[in-house]
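So this first bit is one chain, no partners, the form predicted alone, shown in structure tokens.
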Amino acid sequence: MRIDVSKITLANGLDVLVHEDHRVPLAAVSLWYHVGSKNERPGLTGLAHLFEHLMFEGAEHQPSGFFQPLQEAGASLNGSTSPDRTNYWELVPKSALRLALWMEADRMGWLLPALSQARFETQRGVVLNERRQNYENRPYGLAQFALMDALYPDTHPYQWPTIGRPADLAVATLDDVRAFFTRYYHPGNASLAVAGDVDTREVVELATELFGDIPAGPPVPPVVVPPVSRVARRLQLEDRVELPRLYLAWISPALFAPDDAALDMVADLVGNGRTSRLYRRLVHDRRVAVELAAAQGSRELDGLFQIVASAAPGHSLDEVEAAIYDEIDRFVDDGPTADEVAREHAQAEATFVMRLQSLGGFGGKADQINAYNVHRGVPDSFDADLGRYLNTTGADLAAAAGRWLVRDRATALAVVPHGRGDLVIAGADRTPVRVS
């Protein structure tokens, strides 16, 4: 799992990471900005995601857009925003590497001259429409918003959705947007990775030439958050859905913190796929649920462990919830079997190998190198990361589940069809949760 990576930090603070892989004549470019929705503030949310859109619209030296020149050169490209980071990537023929780096440098250093009121208004409208399509008009699409709102206090940056709140986007001004860009989108808060059929010395020279004159920008202090209550809450949300669905959520360890990898494995054993315990019990054997999933969502400030299950017709969410807790209790008391642990170790190893098969894109080598650099400061952390899984025992898994998946610390959300409050879980607050 060792990946040779050269790391050079330019005078303006930009980390340049280079991995040579000469098997195919391609170059993968990945640029991470250490900014996401967690860097916003109440009343002015959604700016990080808005910039994901704005930065594809072009900058001073290429004002007509980011896609056409690169696609004409044979590239594929995209970007995304999370609570913790924003990333952009291009996978190009190696002859187009300079073009990709030049365009990334143009929007890092010269975006604001091209950021007009009209462009801002257009992309704000695009984002609001995206929210309507992907969340407001999608069955169960508002459930995660309701959960985050219930789990976190108003001043915690994980409370609001990455896409932002419509009221906040509506009042944002062009000056607000410019100030946000100036604070976060600069070399001192960025990490550039290049992987593929490249020469390290030439990449560093290119990066120095194209990015070296961009000012470092102001230091970005770590985000300080208020404590999060772990008191159990029971909530209900009515939505345009056919089947009632139960969400169980626990605040869990942050990314790379102790028990983070263990809970990732617990989620897989308990609730992912046809071989998982909950699938066998709830879907296959008792047929009280028609679908379910579990996940440990790892983030910088803390994690979020979730189990989601939809009740089968004729069965209640209370039945589903009781069966879930019975299985968690059994897992904590007895632990996983030796075969289950061996399967998890093999699956972890296979997953890591598969992640190394792709140079670019989401989850490719360039993206992973950047992730490790931003979150751990060490771009070649593949072995250390895999070791978190391979060194975890069955006793570790049972202990982690017992520490974190405690019944009186869970937030339970019942999503039911409109007008069917009789289907919610017992003890649920009858006041509908806020969705914003």
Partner chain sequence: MTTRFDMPVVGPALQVRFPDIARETQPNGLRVWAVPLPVLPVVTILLIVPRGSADDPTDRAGLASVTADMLDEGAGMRDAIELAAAFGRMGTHLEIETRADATFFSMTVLSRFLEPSLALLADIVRQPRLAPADFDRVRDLRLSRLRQLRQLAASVADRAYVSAIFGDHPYGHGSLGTTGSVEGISLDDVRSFWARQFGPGGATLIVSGATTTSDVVQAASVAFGGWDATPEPRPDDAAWTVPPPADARILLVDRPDAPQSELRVGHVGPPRSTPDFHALITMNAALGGQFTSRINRRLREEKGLTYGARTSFDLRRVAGSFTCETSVQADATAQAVADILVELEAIRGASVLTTAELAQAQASLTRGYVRNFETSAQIARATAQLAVHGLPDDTFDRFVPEVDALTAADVHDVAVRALSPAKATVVVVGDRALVGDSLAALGRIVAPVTVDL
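Numbering follows the first chain given and starts at 1. Here the structure is a predicted model, which is why all the values come from computation and not from measurement.
The following text describes the form predicted in complex with its partner chain, which does not appear among the structures shown.
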| property | result |
| --- | --- |
| Distance check, residue 209 to its partner chain in the predicted complex, heavy atom within 4.5 Å | yes |
| Its partner chain contact at residue 40 in the predicted complex, heavy atom, 4.5 Å | no |
| Residue 137 within 4.5 Å of its partner chain in the predicted complex, heavy atoms | yes |
| Contact label in the predicted complex: residue 256 to its partner chain, heavy atom within 4.5 Å | no |
| Contact residue in the predicted complex, chosen from 203, 75, 278, 143 - any heavy atom within 4.5 Å of its partner chain | 75 |
| Single option in 183, 299, 343, 165 placed near its partner chain in the predicted complex, where near means a heavy atom within 4.5 Å | 343 |
| Answer range among 278 to 286, 147 to 155, 230 to 238, 172 to 180 for contact with its partner chain, defined in the predicted complex as heavy atoms within 4.5 Å | 278 to 286 |
| Partner contacts in the predicted complex for 323 to 358 (non-hydrogen atom within 4.5 angstroms of its partner chain) | 339, 343, 346, 347, 349, 350, 353, 354, 356, 357, 358 |
